[in-house]
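For reference, the chain that follows is the form predicted on its own, supplied as structure tokens.
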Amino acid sequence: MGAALMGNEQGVRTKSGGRDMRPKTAFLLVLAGLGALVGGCGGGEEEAPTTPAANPSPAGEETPTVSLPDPRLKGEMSLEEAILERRSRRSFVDSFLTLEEVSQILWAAQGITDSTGLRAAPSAGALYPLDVYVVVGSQGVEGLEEGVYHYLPQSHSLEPTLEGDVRQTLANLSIRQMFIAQAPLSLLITAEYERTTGKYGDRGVRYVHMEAGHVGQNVYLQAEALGLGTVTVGAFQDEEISRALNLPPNYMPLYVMPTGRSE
């Protein structure tokens, strides 16, 4: 960055309109260029979120929600150990997860981490274009009915959006990766691109994909710390999954993350 700015400074110190520019004018132009460069980066949330207090419900109406237990803020495994042990795991035992485990994973994915509304994963401009859905199988989570749920970060709760066990459908539409049907639950990470592209234009698409990677790694490490396994799946039929899981038309699925106790 320093070399680029030096180059710009030399340029403004030469001539403009056939006359040498005054040092003060040149300095102000360099500062303006630096401001434009920094302002266009869009790499993280240096400000409080500019989105509404809560993402609108996809259903567009009030539905009963399931409150999640408060997440733990200190665990038994260190971050370094979680990074060391992290692997993609595709084989799961037939065992349910607890609501506390689900709560912890969702908090790591998109949970609120301070009083201003910032979340566990960084987001360009704090715009938070991602939504997380939970696909729960029969007897997949203790105390939770089978079906599809939308995670609401602001209230740390789950909103039911679809009844029934759709894991088999999800696996079939994911190029028949049948371990998805064996996992007690899967996270589905979706993007509403307009929340980010409205500010950053086409470049915002890249920022959304970067953010999905941040969320995916958080889920990986949190699952490892809980003694669970997960894997990121990107091979699936986008439109068919959107229809099967009754997603809003502008929500694009990016990741399927089956999660459970690995063999």
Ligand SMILES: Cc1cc2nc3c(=O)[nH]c(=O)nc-3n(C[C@H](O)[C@H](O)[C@H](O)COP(=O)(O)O)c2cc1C
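Here the structure is a predicted model, which means the values were calculated and not measured. Don't overthink the numbering: it's just position in the shown sequence, from 1.
The form predicted together with the named molecule is left out here; the points below concern that form.
request  = Specify the contacting stretch among 68 to 76, 188 to 196, 140 to 148, 174 to 182, defined as having any heavy atom within 4.5 Å of the named molecule in the predicted bound form.
outcome  = Among the candidates, contact is made by 174 to 182.
query = Is there a non-hydrogen atom of residue 207 within 4.5 angstroms of a non-hydrogen atom of the named molecule in the predicted bound form?
reply = Residue 207: no contact with the named molecule in the predicted bound form.
inquiry  = I'd like to check something about residue 231: if you look in the predicted bound form, is any of its heavy atoms closer than or equal to 4.5 Å to a heavy atom of the named molecule?
reply    = The answer is yes: residue 231 has a heavy atom within 4.5 Å of the named molecule.
task = Decide whether residue 251 counts as a contact residue for the named molecule in the predicted bound form under a heavy atom distance cut-off of 4.5 Å.
result = Output for residue 251 is no: heavy atoms all beyond 4.5 Å of the named molecule.
ask   = If you check in the predicted bound form, is residue 116 within 4.5 Å of the named molecule, heavy atoms only?
value = It does not: once the named molecule is placed as it appears in the predicted bound form, residue 116 has no heavy atom within 4.5 Å of it.
request  = Could you tell me which one of 154, 168, 95, 88 places a heavy atom within 4.5 Å of the named molecule in the predicted bound form?
outcome  = Looking at the other structure, the residue within range turns out to be 88.
request  = Residue by residue through 234 to 263, tell me which have a non-hydrogen atom within 4.5 angstroms of the named molecule in the predicted bound form.
outcome  = Stretch hits, in order: 234, 235, 255.
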